[in-house]
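Given next, in structure tokens, is a single chain: the form predicted on its own.
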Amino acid sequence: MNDRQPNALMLQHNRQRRKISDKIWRALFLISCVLSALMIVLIIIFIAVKGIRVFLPGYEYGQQNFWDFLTGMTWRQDSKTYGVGFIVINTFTTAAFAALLSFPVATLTALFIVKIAPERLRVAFTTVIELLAAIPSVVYGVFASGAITKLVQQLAAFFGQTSAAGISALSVILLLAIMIFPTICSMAIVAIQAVGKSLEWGSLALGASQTQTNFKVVLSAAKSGIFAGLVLGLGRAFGEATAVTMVAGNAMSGPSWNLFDTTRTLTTTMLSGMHETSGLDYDIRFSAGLVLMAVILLTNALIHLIKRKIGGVDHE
């Protein structure tokens, strides 16, 4: 009994110490989450205050009409005409076309790396994907302005179209497709690797081929992670400014459905006016930022809806 009492006291002491340690770590995690959420809230409040004030009565540089701003098809700083209607269309179409090009290629690449490629090739391809994800945006922009624009200019000449030295919507689409590829592919690789082997073995045991198993079982089971990669990729496409500015051209009106015409996105519009520090032209960029956040939220909701329609209701 005497030997058991110290042991029991020691176990009780260890349990209490572990409980205290768990409470401390939970508190640290909670603080981290609150700080992260607070930063997001502060950013939204700051942008909202700056962006909404231009539409309120008594605005010092002249109240703007919100409906005209939202539906306008011209953006001219010289005449104080600010309409983001065509810019929203351009932003969405360029990002959507980039995703249409990049998403299937990235998903198939991830499937090849995880399920088909030999070990050495798998390691090499994974390293390449990681390097592509680490390349700074400005480097992509320099590459696009030097290579993609020339390709687009040659395509325009082949189809009998004119292009401003290749600076066009098509250049933006190709650039964004390359930029979002490593993000989508990396997420798809992680999602496919997380699929349980039992699902794959069960499919093969029922007589399905390896290819049928990969496409109908593995990709289906990994769809949540793959679509999460698409969301992150589109987030980068919508938010990219520096690289896109180099090849977009900042059209003053639109939208133009000719891929060889110059274009303008919400991010390039915001970036082009950041050299100012005050005035209507400066404040209106924050209004464009609010519109951009709304576009991203609506697009993410649409992607989740598509995911549910394709794979059924997701209970994961």
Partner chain sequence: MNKSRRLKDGILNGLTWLSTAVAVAVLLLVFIFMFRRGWSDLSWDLITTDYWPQNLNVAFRQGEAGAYTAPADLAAGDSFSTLYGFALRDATDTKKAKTLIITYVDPDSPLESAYITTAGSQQGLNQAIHEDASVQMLYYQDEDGQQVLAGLLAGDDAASLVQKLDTGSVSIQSMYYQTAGGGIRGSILATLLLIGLTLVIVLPIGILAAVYLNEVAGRNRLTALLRQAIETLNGVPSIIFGLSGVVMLFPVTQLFGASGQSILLGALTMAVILLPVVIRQTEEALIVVPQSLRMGSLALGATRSQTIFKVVLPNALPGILTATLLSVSRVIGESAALIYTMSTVVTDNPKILQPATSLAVQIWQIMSSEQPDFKLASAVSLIILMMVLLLNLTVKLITRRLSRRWA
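Residue numbers count along the first chain shown, from 1. Here, rigid core means the biggest group of C-alpha atoms that superpose within 1.5 Å across both forms. Computed from a predicted model, the values in this text were never measured in an experiment.
There is another form of the same protein, the form predicted in complex with the partner chain; it is not shown, and what comes next is about it.
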| property | result |
| --- | --- |
| Touches the partner chain in the predicted bound form: Phe29 (any heavy atom, 4.5 Å) | yes |
| Partner proximity in the predicted bound form: Phe286 to the partner chain, non-hydrogen atom cutoff 4.5 Å | yes |
| Contact test in the predicted bound form: Thr127 vs the partner chain, heavy atoms, 4.5 Å | yes |
| is_contact(Ile306, the partner chain) in the predicted bound form, heavy atom dist at most 4.5 Å | no |
| Residue stretch of 73 to 81, 152 to 160, 190 to 198, 101 to 109 approaching the partner chain in the predicted bound form, non-hydrogen atom distance within 4.5 Å | 101 to 109 |
| Single option in Ala228, Val218, Val88, Met246 placed near the partner chain in the predicted bound form, where near means a heavy atom within 4.5 Å | Met246 |
| In the predicted bound form, the residue from Ala165, Val123, Leu204, Ala96 that sits within 4.5 Å of the partner chain by heavy atoms | Val123 |
| Residues in 221 to 250 with any heavy atom within 4.5 Å of the partner chain in the predicted bound form | Arg236, Gly239, Ala241, Thr242, Thr245, Met246 |
| Is_shifted Phe29 between this form and the one not shown (CA, 2 Å cut-off, rigid core) | yes |
| Relative Cα spacing, Phe97 and His304, in the predicted bound form - shift of 3 Å or more | farther |
| In the predicted bound form, shift in Cα separation for Ser36 relative to Ile184, 3 Å or more | farther |
